[in-house]
Ligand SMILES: Cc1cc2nc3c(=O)[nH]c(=O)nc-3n(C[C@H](O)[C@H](O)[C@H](O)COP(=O)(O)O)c2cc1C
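In the form predicted on its own, a lone chain appears below as structure tokens.
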Amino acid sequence: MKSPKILIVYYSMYGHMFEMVKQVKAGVEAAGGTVVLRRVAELVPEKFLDEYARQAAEAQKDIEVADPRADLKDIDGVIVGTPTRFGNMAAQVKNFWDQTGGDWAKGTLVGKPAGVITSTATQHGGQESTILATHTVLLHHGCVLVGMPYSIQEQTTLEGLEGGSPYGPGTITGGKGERFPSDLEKKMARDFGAHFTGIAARLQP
């Protein structure tokens, strides 16, 4: 089997999701996959971005902006990283997928694995609903959904506040964005990346 090529397409206003996708990328690469990392275009006018969002944007400036008309082609799987917005994916991520009708019509992603990672401000802030809502788009593209199995046992911890579920990895940011991914959340993200890569390799035509 050749090395599966995995697209990780994400949005991160304050850097939390950026940290998580870096961990997923490390997991994919450790499992023998190659990664195409893309950030979706920002929709918020710059004048409305606070200093923290500007700092996060500066840290991500070298990540190429996703092209919805090109980036889904010639990949073996896709992982979507989106923060929660009222229990759903961020508008920036939806905007990307709303421009992929051409690939939907061609069946570009049919039979290819797809997974989702997310972040919320609070423990019950919509991690599962956001992932499930994103799954809807991926199912319309014909993807094979990949979650985070309980073999990644860190998701069962009772020791503290942690994100993640069988639906996919997650992190909790705090109401003011003061909490960044914990070591446990990072490990889950890496292990998910490795698990996803193994499935992508087996599903290659």
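Residues carry their position along the shown sequence, with the first being 1. As the structure is a computational prediction, the values presented were derived from the model and not from experiment.
Absent from the display: the form predicted together with this ligand. The rest refers to it.
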{"item": "Per-stretch contact check against this ligand in the model of the complex, the hit in 99-107, 72-80, 86-94, 131-139 (non-hydrogen atom, 4.5 angstroms)", "value": "86-94"}
{"item": "is_contact(residue 125, this ligand) in the model of the complex, heavy atom dist at most 4.5 Å", "value": "yes"}
{"item": "Heavy atom of residue 12 within 4.5 Å of this ligand in the model of the complex", "value": "yes"}
{"item": "Contact label in the model of the complex: residue 25 to this ligand, heavy atom within 4.5 Å", "value": "no"}
{"item": "Interface membership of residue 186, this ligand in the model of the complex, 4.5 Å heavy atom rule", "value": "no"}
{"item": "Neighbours of this ligand in the model of the complex among 100-137 [non-hydrogen atom within 4.5 angstroms]", "value": "119, 120, 121, 122, 125"}
